[in-house]
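What follows is a single chain, given as structure tokens, in the form predicted on its own.
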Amino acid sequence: MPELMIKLPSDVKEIIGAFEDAGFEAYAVGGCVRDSLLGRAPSDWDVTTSAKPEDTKRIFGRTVDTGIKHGTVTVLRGKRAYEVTTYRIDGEYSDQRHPDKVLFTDDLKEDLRRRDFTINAMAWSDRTGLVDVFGGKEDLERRLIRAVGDPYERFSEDALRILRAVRFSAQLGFEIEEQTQMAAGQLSYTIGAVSAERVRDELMKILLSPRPYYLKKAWELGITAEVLPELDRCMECGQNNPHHIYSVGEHILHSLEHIAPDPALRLTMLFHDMGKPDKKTVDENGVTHNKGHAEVSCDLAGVIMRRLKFDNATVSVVKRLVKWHELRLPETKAAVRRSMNRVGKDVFPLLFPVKLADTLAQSDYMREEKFAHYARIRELYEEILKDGDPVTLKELAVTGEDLIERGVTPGPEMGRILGEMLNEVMDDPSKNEKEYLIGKYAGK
């Protein structure tokens, strides 16, 4: 851990200084302090102060009332925005998210006491230095996620904190402290009451972390039983097959670690085999098979992503990748062109990292042969792109307007003719000539 000195951005230093000049206390607080002590560049800087919201608005000309009920005012500095929150004590959390009421206080310790984990309950100002009343610095050194005070109280206030414990563990590579973990497991059933959007956001932070495999901890604690039960079925689904060495769930978790931290790609690996439990069969030799699981996985991906309120664009890309992740092609340009058309030219290249991650999470059986095949398909794909071979109707030398001029009525007949033209030029791109195609398919 670096020497105990936090370099505040000039804006934050000026904000804290303005409060102190006006007779109030103010500190950088929370994640920015944690990340600074870890030698990381904070993405956001939050400030806590003894000043009431009306004082904050008086001291700073440009502000926005982003959470005035709970004491939060956003201070604008140039193009940057900084959340400033009054020291507060939270009341009851009847909705397991927001306190029913808050009481403002002049005691920084009371404000830090309400926070989730010790590593997020530290404050800093250049005048005072580090304020760490709950052992956050020590927990950083011990690489521990530990709740502030009684973990049952912290998780009862906001059930999402249970999933956040796993998220911080995955992001930082820390263990969850024993009592905190015990409380998380016993209260995991309460997370079902948390909004889908909040669950989705935390889940994505785990998936996009350097350790997406830590999602297994969410399964062990019973969290996924509430928010992603489809994964639980996969964790319990064994695979007795020469291509596999893990259960379906373990294979999924390992595959996540072999692909770039891109949202669509990580989601694809999460969902790609979720249909396997529904398609599991065992042959006379005791070997398991899951024929047709890609279609079921695609359907499940759609159901789960809609349940978690993902945007339509992400759902579309992920579903197509899941549907085609098992795609097997002859090593010919014609086959690759047709697959680019079927899968979608935008999505097709993403199948390469998906297939690689899938294979790396399998056994060594035929691994080199699989890699060689993927390399040959990629080579053909890149040649197709380089040559500009047509694979979509937009790339045909003939348009619908051309056919209308030839007397073809818009509708099914036009669609059939264009489809036949495209089929021919995908087999032989040299045939993508307007005069030839019209003469053959629309000549009078």
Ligand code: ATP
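Throughout, we count residues from 1 along the sequence that is shown. Predicted, not measured: the structure shown is a model, and the values here were computed from it.
Form predicted together with the ligand: not shown, discussed below.
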- prompt: Using a 4.5 Å heavy atom cut-off, which stretch among 262-270, 130-138, 111-119, 331-339 contacts the ligand in the model of the complex?
  reply: 111-119
The single option of R77, K370, R233, R198 touching the ligand in the model of the complex, heavy atom within 4.5 Å: R198
query: Which pick from D44, E54, E383, E413 sits with a heavy atom within 4.5 Å of the ligand in the model of the complex?
result: D44
query: Going by a heavy atom distance of 4.5 Å, is R167 a contact of the ligand in the model of the complex?
result: yes
- prompt: Does any heavy atom of D158 come within 4.5 Å of a heavy atom of the ligand in the model of the complex?
  reply: yes
Partner proximity in the model of the complex: H258 to the ligand, non-hydrogen atom cutoff 4.5 Å: no
task: Considering only heavy atoms, tell me if K205 and the ligand come within 4.5 Å of each other in the model of the complex.
output: yes
query: Does any residue in 29-46 get within 4.5 Å of the ligand in the model of the complex, counting heavy atoms only, and if so which ones?
result: G30, G31, R34, D35, S43, D44, D46
